[in-house]
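Given next, in structure tokens, is a single chain: the form predicted alone.
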């Protein structure tokens, strides 16, 4: 599969004991905080630290461009169409962002890669986002770690990426901390054109829906890149796990947090309880599957059925989107269309690609919210078919 389900929603970090769900809180900014590294907590929270270090086992890399050849065309105009590898998880975030084939000019690309940058944003404000990438790299000590979710206070869940707090508005107070911690990074975002700050394209829970997100990008006339052959100003969606899981149609969001499904409750050899920070898929955890057994007698088979169906449709619609891109490029080159005719096709292409990408890059492969996945794929296919219908034969 394109995106390893084992790695999804992994941003809740080093909690010292098994805990009940708690409300989200947000860090203070401008406080000059110094990050306490994971290594410094290793002796105090030995079991949690050992489980956190297990994430080094998640070292497989999949070349998505090779796996999904259509994205070489669909993403044409940005580096994702040449360099798009699967994420290896939090242990490797700094290595992966540094070694990617997509060069980074600014430090904003470190946003979800290291607590050192998170703390710098909290200390200095949005000006930190425009620090040169290499200058920030020289100050980095570790990959995503304890500070990102605890702000140097083990046992408490603290949102340190305050763009999430801003985007949730009044709804933030009702957000569970164990989900909020993951939502800091597993979201759809964009870089604000003027400040280059990481920004979420919504203002509360209601506007997290893909329709509202697209409307926001339409109103602000935002685009991540322009396809050089078609002239389509495209949006590159980024891993919207939070928006998908919390969205309309979700079966589990009201009852379970991200940690419930991706962080086992464990006990050491002395019988002392702790929360494992080795992030797993529910289908790979006997303990978590046992918790789900009241509704799912065979969770692995159930999830596979959802994912296989979504994957088949996603590939089929992505291939159709590739066809549209090539045919639109030919139409542009032919000079047989008016600009108004081309713009009508471009608009449909832009919107269809957005809905398709919202599914393609969401890491659960539909398991988080199959109803929303189906809704997005239906809209994508309808828009793409309509655009293809405007191509002169």
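Being a predicted model, the structure only gives us computed values, none of them experimental. Positions refer to the first chain, counted from 1.
Separately, the form predicted together with heme C (HEC) exists; it is not shown, and the next lines address it.
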| item | value |
| --- | --- |
| Every residue of 231, 236 and 346 near heme C (HEC) in the predicted bound form, heavy atom within 4.5 Å | no |
| Partner-proximal stretch of 193-201, 317-325, 211-219, 91-99 relative to heme C (HEC) in the predicted bound form, 4.5 angstroms, heavy atom | 91-99 |
| Partner contact for residue 382 in the predicted bound form: heme C (HEC), 4.5 angstroms, heavy atom | no |
| Heme C (HEC) contact at residue 302 in the predicted bound form, heavy atom, 4.5 Å | yes |
| Interface membership of residue 295, heme C (HEC) in the predicted bound form, 4.5 Å heavy atom rule | yes |
| Residue 52 within 4.5 Å of heme C (HEC) in the predicted bound form, heavy atoms | yes |
| Among the candidates 310, 288, 131, 119, the residue which, in the predicted bound form, approaches heme C (HEC) to within 4.5 Å (heavy atoms) | 288 |
| In the predicted bound form, residues of 151-176 near heme C (HEC) [heavy atom within 4.5 Å] | 154, 155, 157, 161 |
